[in-house]
Structures are given as structure tokens and as C-alpha cells.
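Next comes just one chain, in C-alpha cells: the form predicted alone.
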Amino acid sequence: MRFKGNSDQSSARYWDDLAELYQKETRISTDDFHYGPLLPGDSSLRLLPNTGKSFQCLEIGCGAGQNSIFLAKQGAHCIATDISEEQLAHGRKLADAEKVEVDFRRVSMDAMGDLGAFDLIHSTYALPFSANPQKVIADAAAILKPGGTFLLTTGHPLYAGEWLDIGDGEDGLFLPDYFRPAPDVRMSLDDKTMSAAQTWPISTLAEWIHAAGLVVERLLEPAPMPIPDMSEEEIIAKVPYDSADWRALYPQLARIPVVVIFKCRRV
């Protein structure tokens, strides 16, 4: 059964409660564009279009907006949206420290409205928290300029599985239903607010993208960087999203993808 408890109000409370600890314990670089935990950044994957001073960018579900800050440092004009005012407050402080301008706005991804017209719309692991993901994709496509890029990173359905001991020191992934992956239900730090991250089959995501009038140019299921073989200096330089908790999960991340990335273009 799909979790139906996510709402703007519950999501805002959940992320407001978590924001300080999340930003403290997770290192998210502003010197590279990140796609998820322990994964290579765009300096390796090369998915971003060339940006410039007239380039208009929108980030959906930005958190503290590290990706928007990175793009602003390249000269782009950036709007970064999120439902959590606490996350946005961290972003404003970070942008000030980096001496760049990012237009942070408290906006629900499920009710974006007309925010303008954009050359690049990007979202990294926000879609799983949407109450209506197909609408989010359609709304993003509607405000993307012809020829513009929609760069969507979302949860991989295989990561909704459960790791089980299968004997003889081996473990494996058990996924009860690929077509209806179980949601990742989470509680806030005070145990008062529930949220959930939902994944979908890759074909479902592709159909939503197609229905929105977008063309998929690339589809990636990136593996993590080889963390055990890297020095701390190399990790800081080459891994833009990192935390102790995610490093502990490296043996799993090295075997199944945690995200799927769609690079799309509006024709």
C-alpha cells in the first residue's frame, strides 16, 4: 500500500525539525553539482548544460540549495524552492558565505505555479516526497523554455528493497513488488511528524516524462565512488555528497543504485 500521509504541512514540519542536524552531519559541496550520496558529481558525469550570466535556473526541493549555489558561482541566475523554511534559512546563510545571490523561495513542489521561464530545471531526490509526482514533472515541463534541460534525480525503485541474510555469510536484496515499491516511512526527531519517500518503476517515470512533452537524452544509474580505496582528501575533492551514515551503507550502494537520473530536453 502506498503511503498517503505526505502533505505540505507535514513535510514542512518534518524537514524543519530535521534541517539543522541534516546540514550538520551531511557534507554537501558547493564546488560541484551533486546527484546523491557518495556518487560522482557533475565534474565527472557531465550532465549539466553550459551556463552563463543570462542562464535561468530553477531548483525544486532544494534543501539548503547547494546545487543552486554551485550554479550561481558559475554565473547563472538561480531560484531555489523548498517547503522547509529552516532548510531555506540554512541556504541563505550559505549563499551569503559564498558571496553569491540565490533567490530562495518557500514553494511547494506540488503547487509551484508560474515561477517564470527557465533554461534549466533541476531536482535532486525531492520527487520521492511529492504527493503528486506526475504533476511535478508536468509543471516543470510547462515552465521550461524550448530546448531547455530538465535534470531529474530521484529514488531508484531497487533501493526500496530490504537486505536479508541468505546464509553462508552472504546477503541479498528482497524486493516484494517492483511495480509497487514500499515507501520509506520516516519519523521526525521528536517522533511527532511522519513523512515518506516513495519510488516508482523506471518505466513509470519515463512515461510521466514523455507525457509532459520531454525527451530523455540520457538515463543513468550511477555507482558510488570507490570510497574504501580513496583518501580523505580525494573524497572531499571528488565526492560532493557524503556523510558517516552513508559511508556505512557503501557495501549496499556499491551493489544496487540508490538513484536514477534523467536528463531531459523540451522540444
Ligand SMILES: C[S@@+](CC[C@H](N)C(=O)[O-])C[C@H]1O[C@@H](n2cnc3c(N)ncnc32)[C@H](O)[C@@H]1O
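So that there is no doubt, residue numbering starts at 1 and follows the sequence shown. Computed from a predicted structure; not experimentally measured.
Heads up, the form predicted in complex with the named molecule isn't pictured, but that's what we're talking about next.
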Which one of 100, 107, 79, 94 is close to the named molecule in the predicted bound form, taking close to mean a heavy atom within 4.5 Å? 107
I'd like to know if residue 124 sits close to the named molecule in the predicted bound form, meaning any non-hydrogen atom pair within 4.5 angstroms. yes
Residue 129, heavy atom within 4.5 angstroms of the named molecule in the predicted bound form: yes
Even though the partner isn't displayed, in the predicted bound form is residue 240 close enough to the named molecule, meaning a heavy atom within 4.5 Å? no
Verify the contact flag for residue 58: yes if a non-hydrogen atom of it lies within 4.5 Å of a non-hydrogen atom of the named molecule in the predicted bound form, no if not. no
Would 156, 163 and 200 all count as contacting the named molecule in the predicted bound form, using a 4.5 Å heavy atom cut-off? no
Proximity to the named molecule in the predicted bound form (heavy atom, within 4.5 Å), stretch among 70-78, 165-173, 83-91, 144-152: 83-91
What residues in 27-45 sit within 4.5 Å of the named molecule in the predicted bound form, counting heavy atoms only? 28, 34
